[in-house]
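Next comes just one chain, in structure tokens: the form predicted on its own.
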Amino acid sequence: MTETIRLPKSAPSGIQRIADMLRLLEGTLPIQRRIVRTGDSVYQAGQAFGCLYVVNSGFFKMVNLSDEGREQVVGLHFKGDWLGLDGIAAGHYGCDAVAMDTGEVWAIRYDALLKAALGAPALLTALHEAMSRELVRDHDSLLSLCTLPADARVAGFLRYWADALAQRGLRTDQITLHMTRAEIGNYLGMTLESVSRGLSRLARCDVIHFIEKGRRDIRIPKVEALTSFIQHLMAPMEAAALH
């Protein structure tokens, strides 16, 4: 029986964009491939900047260390994403890039990228697009933290993860979260208990189903239901704001 994968209408362009970008890099630049495993650091905060990294496979989190010594997850990255952009201006990386699964990154020397771009302007276009997407992600993340109630943030996180998979041609009806509930809470600015309550509420509403209790595998029958769940929670707040 052939497995049907539901993808949003925009997904094919995302798949094609990533494939084209990886081919462009591979055909115009010297690339150093590196296999990483769960917990490995691609680079660390404060390390001198020299390379940008492109995710060829796997999942990665960006981690900052607070003044109190607590780890703060500030970003998530998937296949086709660029790592290390924050090091360009300061000359050193601003956070740790940590693998959440076995994967592969391509190391690209920044000076080699700029030199090659003189003969292949498409390289600069790819870099600028990566920077633009990073800004959009940061904006969306801040908007979520500032405006969405806790349960809606959890639903938004699952929608973001599912959309990222869809844009890479991967199944979205069943996903594996490569983060603990504590890490998800850290990323969303919530407690572990609030994340667990949010997931439980989504399950009670039949928006998601846990494949096995306490595990990170989640079934999402209809990704669109996550958006409807968020809109349902936001409706009373939006109505109140009008009065």
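A residue's number is simply how far along the shown sequence it sits, counting from 1. Bear in mind the structure is a predicted one, so any value in this text is a computation, not a measurement.
Below, we refer to the form predicted together with a further copy of the same chain, which is not included among the displayed structures.
Legend entry - Sole residue of A107, A166, A117, A150 within 4.5 Å of a further copy of the same chain in the predicted complex, by heavy atom: By the 4.5 Å criterion, the partner-contacting residue is A117.
Inset, instruction - Flag D101 as yes or no: does it have a non-hydrogen atom within 4.5 angstroms of any non-hydrogen atom of a further copy of the same chain in the predicted complex? - result: Result no; D101 lies far from a further copy of the same chain in the predicted complex.
Inset, instruction - Using the partner position in the predicted complex, report whether E68 sits within 4.5 Å of a further copy of the same chain, counting heavy atoms only. - result: Result yes; E68 sits at the interface with a further copy of the same chain in the predicted complex.
Inset, instruction - Please run the contact check for A97 against a further copy of the same chain in the predicted complex: heavy atoms, 4.5 angstroms, yes or no? - result: Although a further copy of the same chain is absent here, A97 would stay clear of it in the predicted complex, with no heavy atoms inside 4.5 Å.
Inset, instruction - Consider S41 of the chain shown here, and say whether it contacts a further copy of the same chain in the predicted complex, taking contact as heavy atoms within 4.5 Å. - result: Taking the distances in the predicted complex, the answer for S41 is no, it never comes within 4.5 Å of a further copy of the same chain.
Inset, instruction - May I ask whether A89, L124 and R133 each come within 4.5 Å of a further copy of the same chain in the predicted complex, counting any non-hydrogen atom? - result: Per the other structure, all of A89, L124 and R133 touch a further copy of the same chain.
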